[in-house]
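Considered here are two forms of the same protein chain, supplied as structure tokens in two stand-alone entries, structure 1 and structure 2.
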Structure 1
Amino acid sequence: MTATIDDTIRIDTVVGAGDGALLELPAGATLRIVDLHGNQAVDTLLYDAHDVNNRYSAFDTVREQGAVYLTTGSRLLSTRLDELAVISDDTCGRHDTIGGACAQESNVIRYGEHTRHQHACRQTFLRYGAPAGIGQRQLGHNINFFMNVPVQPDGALKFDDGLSGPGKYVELRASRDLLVLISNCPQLNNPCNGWDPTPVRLIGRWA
């Protein structure tokens, strides 16, 4: 019996709990994000690889698709209304893009002064984005893959227990050359990670 080698796999890596990654994807590539243990929020920013000021916009994506949540078929648009990527597959079923990413400042406001020095997604974004010229000015809206943030009837947001589970995944297809900046959220103070951040796997494929 001959083993089959998938020679289209160009990225296959595990991002530890609370760590991050910066990936380069050519147009047409797919990126699968696998929630290895379930109930893990994966904060993600998308950029045009040739101009990091052309970045993902939650406002434009939500308005143009006429839906608050993201799932299969969602077109992920930039601040210039360029299509950056499309969600091509999704076994979780719903992802948040309006809850934002955690920062040390927001942790203090939401959870108290004792959380000021806890690590947060914003710090991960700055650390991994720096080699690509992504600084504070380029940190915009993000996607919270696998994170459950129901919108209440009065418009308020609720950080709720996750909808994901071990092995569930979401897959993006790049519509142009992309930079994908990931913070595998270290948040301990709300149920977005089940109070226990865990690793995720990233699988990138292109010919």
Structure 2
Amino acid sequence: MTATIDDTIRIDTVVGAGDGALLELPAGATLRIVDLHGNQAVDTLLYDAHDVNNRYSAFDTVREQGAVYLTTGSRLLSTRLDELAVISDDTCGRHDTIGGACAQESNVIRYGEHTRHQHACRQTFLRYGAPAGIGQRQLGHNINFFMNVPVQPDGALKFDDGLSGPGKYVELRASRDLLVLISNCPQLNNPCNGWDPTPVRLIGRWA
């Protein structure tokens, strides 16, 4: 469902590469995330604004939709099976929700000790989540908008070139009052973004 012309732009902001955001969206609001330069990973967590322990669940979402990838029509469910949001529009076509966020410690595992002090999404989540009471225990497994992580019938997983491009966007419609926690990924070790993290634009609309 697209936003009606009566909806007012309440949020219009650019999140720089490696930066983050914590947004409050009322039920019915839409949030459009625009990949300004293409192939950026936008690590995103959703929370019930009134109870941050009722949070996005990648595995409940994947199981209930009976498929791994997220796209238009995907219902984003909480750990209590509440619908937090629906992907209402998507010009990219595929988004990952099983690859998780980068962290200092997982960078060391994946790339080696020299990456320990690089910026990472988990740090951004902790920093922007803290004012809302979102800490280590509340960090579940996130969505990676615009990332392409193909799973294979033989159980293999790989990271592919993104399907995204400059100006592609995904739009969420909030099914209840939400907190949206975003880390615009600073990952420098993964070819998905061409080793060059880039900014994204967030446009929130509600009546």
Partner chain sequence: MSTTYRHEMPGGATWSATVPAGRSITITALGPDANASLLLFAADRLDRLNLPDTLKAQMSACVRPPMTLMSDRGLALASVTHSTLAWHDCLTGFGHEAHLARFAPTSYQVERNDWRRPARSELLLELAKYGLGEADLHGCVNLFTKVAIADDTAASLAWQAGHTVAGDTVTLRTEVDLLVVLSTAQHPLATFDHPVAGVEVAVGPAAPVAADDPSIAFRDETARSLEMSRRVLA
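Quick caveat: nothing in here was measured; it's all calculated off a predicted structure. Reference numbering: structure 1, starting with residue 1. Heads up, when I say rigid core I mean the largest set of C-alphas that superpose within 1.5 Å between the two forms.
Both panels show the same chain in isolation, but it is structure 2 that comes from the form predicted together with the partner chain. Superposition of the core reveals a Cα shift of less than 2 Å for Gly66 between structure 1 and structure 2.
Once the core is aligned between structure 1 and structure 2, the alpha carbon position of Pro153 differs by 3.2 Å; this is the C-alpha shift at that site.
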